[in-house]
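Just one chain follows, in the form predicted on its own, and it is written as structure tokens.
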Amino acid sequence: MGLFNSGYESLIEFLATGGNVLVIIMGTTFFMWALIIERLMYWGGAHGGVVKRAKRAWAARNDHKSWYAHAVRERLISEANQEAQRNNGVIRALVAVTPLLGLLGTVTGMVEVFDVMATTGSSNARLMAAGISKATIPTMAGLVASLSGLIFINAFDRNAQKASHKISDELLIE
């Protein structure tokens, strides 16, 4: 219990040091990672079921030559592709937003530094330390969050593209 309390207190202290923007970045990052975990679970097991369902639907058809059969095949491929790419756009948007939130933290922290300089009339490093930490920590957090999401979104896009090609090859046209 003591370890949990000390970790929680350290987190609260870190969030206070980074300012309000850091809390927003943390919430955005949790949401992005929830979507990433959902995608990891999809690629870990659910995608195979989607492919099997499309293959069964295609195999159950007697007609594989007509215009209507081609339209059904395209629909099956499109449905599998939509499942493979679900939430990728949201993750990609969050990857793009988190560095901008970090930049917002930089600007608000620097405004705080300039406020301290204006009110005290000096450039005392101790007085400006809080503003400088509010300027730098959100920037770092935004970049780290963005990079962590960027790695996964590239892998998800690559997996979706490969899966689309593979299912196109497996639903044979006679």
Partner chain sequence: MKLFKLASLSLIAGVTAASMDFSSGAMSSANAQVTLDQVLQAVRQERSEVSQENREREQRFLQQRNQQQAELTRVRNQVAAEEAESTRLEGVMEENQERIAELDSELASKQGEFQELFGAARTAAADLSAQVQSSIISSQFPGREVTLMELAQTEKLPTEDQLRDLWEIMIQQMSEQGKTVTYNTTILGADGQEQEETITRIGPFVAFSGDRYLTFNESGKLRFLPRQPSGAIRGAASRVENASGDGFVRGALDPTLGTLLGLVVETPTLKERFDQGGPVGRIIGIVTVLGVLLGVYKWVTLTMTAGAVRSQVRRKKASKANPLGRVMLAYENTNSNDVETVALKLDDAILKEVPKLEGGLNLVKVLAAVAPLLGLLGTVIGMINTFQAITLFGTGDPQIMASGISEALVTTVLGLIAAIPLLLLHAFAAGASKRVTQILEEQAAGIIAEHAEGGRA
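Bear in mind that the values here come from a model prediction, so they are computed numbers and not experimental data. Positions refer to the first chain, counted from 1.
This protein has a second form, the form predicted in complex with the partner chain, left out of what is shown; the following refers to that one.
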item: Contact test in the model of the complex: residue 148 vs the partner chain, heavy atoms, 4.5 Å; value: no
item: Residue 119 within 4.5 Å of the partner chain in the model of the complex, heavy atoms; value: yes
item: Residue contact check: residue 30 to the partner chain in the model of the complex, 4.5 Å heavy atom; value: no
item: 4.5 angstroms heavy atom contact with the partner chain in the model of the complex for residue 46; value: no
item: 13, 55 and 59 all contacting the partner chain in the model of the complex, non-hydrogen atom within 4.5 Å; value: no
item: Sequence-ordered list of residues in 57-75 near the partner chain in the model of the complex, where near means a heavy atom within 4.5 Å; value: 61, 63, 67, 68, 71, 72, 74, 75
